[in-house]
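Presented as structure tokens, the chain that follows is alone, the form predicted alone.
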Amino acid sequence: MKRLIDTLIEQLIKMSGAVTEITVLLIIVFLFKEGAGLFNASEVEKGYTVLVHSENTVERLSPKELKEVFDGNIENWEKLGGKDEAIRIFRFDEIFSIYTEDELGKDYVLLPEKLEEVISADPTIIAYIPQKYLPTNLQGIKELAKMNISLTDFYIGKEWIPTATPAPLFGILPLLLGTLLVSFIAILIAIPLGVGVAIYLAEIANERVRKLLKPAIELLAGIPSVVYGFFGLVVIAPIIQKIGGLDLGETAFAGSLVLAIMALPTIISIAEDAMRTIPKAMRDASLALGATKWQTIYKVIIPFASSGIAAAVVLGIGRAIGETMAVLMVTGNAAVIPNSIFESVRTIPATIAAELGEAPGGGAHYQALFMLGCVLFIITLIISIVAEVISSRKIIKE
């Protein structure tokens, strides 16, 4: 009977492990499947098209060029490879200032013909209209070629404007640089402080102090991120604004400080546990050979606990890169390429959290946010692999 129970428990453990692995795999597949759909989406907003006069020599415009044209920053066709003529922008709602409802016909059945009449009459025009009103007889007009969103547009694009018309811009570069900048500065602050406190608790502090500080530090790890966000918004951001003489305190540096504070409990707790697992005989042997307490910490404790410290650092980095709410509240949330740590930025997790609820399901914006999740997953995976390789090399060397 006992053997049967042991076998049953063993099988249940194996099954739970298999279910967990399959679940993780399915999540990853779903994430990449949804994200990859972005590159099958048209550059022009779904359900719309861009028309020009048939005599216009321009065949295609990039999403950025379309934005510049409709924003009024490009005013001449010559800058787009066409003739030296001023560009006339025609938006769909302008048709109602030209024709009355009676002239358009019941249920706007004559609307495509009227649009064709307006567009074909002006060789300098560029029109942005719904696809369902596209004229059936394209005499005198032509539809600009529509391409799918490319890998280049996404990965090295410098603008993230998902609501731009007629072509949304999904350039990830500002978000990626913002994420890396905030996370890198946070880790530069958190690692030395975290490891230093871990050394103090494990090797220097007396038992009474350790029993007091260790639970307090672990308690910090359980504080909701929104509370850290409020702390950063009310305390850290105003201090940075005042000391730096800035117009706005919500900057990349403010986000880095908040992330560093959030990562510290994880790094301290795991690194301290790793150091305390080292046998006392190792310390005694080092001291018996004439080493000082600091030499023992530096030459014995830290090298032998390096794998545990590396795990603490990886978890701390993961907390920093994947954090959402606190960063959303204190970094200014500006999707621009940062030139300084004292400028507002937007990170990938903050973008997903801020925009996913407003993105139409299955649309290009929705898929672009899933693709951001894929990028975040890959970054975290690379960091974990690098840390594992470094830790393995240290163990082999030792």
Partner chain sequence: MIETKNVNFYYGSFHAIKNVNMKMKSNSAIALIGPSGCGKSTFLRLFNRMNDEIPGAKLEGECWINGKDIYTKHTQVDMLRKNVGMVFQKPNPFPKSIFENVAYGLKVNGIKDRAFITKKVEESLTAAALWDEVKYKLNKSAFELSGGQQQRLCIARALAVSPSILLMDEPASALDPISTAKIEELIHVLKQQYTIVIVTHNMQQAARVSDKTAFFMYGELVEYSDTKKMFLAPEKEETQNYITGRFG
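Numbering follows the first chain given and starts at 1. Note that the structure is predicted; figures quoted are calculated from it, not measured.
Unshown form predicted in complex with the partner chain; subsequent notes refer to it.
Q: Of these, Tyr99, Phe304, Tyr128, Trp77, which has a heavy atom no more than 4.5 Å from the partner chain in the predicted bound form?
A: Result of the distance check: Phe304.
Q: Exactly one of Lys146, Lys299, Arg88, Arg91 has a non-hydrogen atom within 4.5 Å of the partner chain in the predicted bound form; which residue is it?
A: For this set of options, the contacting one is Lys299.
Q: Go through 273 to 281, 116 to 124, 147 to 155, 169 to 177 and give me the stretch that gets within 4.5 Å of the partner chain in the predicted bound form, heavy atoms only.
A: Contact-bearing stretch, as computed: 273 to 281.
Q: Does any heavy atom of Leu134 come within 4.5 Å of a heavy atom of the partner chain in the predicted bound form?
A: Output for Leu134 is no: heavy atoms all beyond 4.5 Å of the partner chain.
Q: Would Ile243 count as touching the partner chain in the predicted bound form under a 4.5 Å heavy atom rule?
A: No, Ile243 stays farther than 4.5 Å from the partner chain in the predicted bound form.
Q: Taking 4.5 angstroms as the cut-off for heavy atoms, does Leu212 touch the partner chain in the predicted bound form?
A: No, Leu212 sits far enough from the partner chain in the predicted bound form that none of its heavy atoms falls within 4.5 Å.
Q: Any chance Val109 has a heavy atom within 4.5 Å of the partner chain in the predicted bound form?
A: Close contact is absent here: in the predicted bound form, Val109 is far from the partner chain, nothing within 4.5 Å, heavy atoms only.
Q: Though the partner is not shown here, which residues of 276 to 303 have a heavy atom within 4.5 Å of the partner chain in the predicted bound form?
A: Result: Lys280, Ala281, Met282, Asp284, Ala285, Ser286, Leu287, Ala288, Leu289, Gly290, Ala291, Thr292, Gln295, Thr296, Lys299, Val300.
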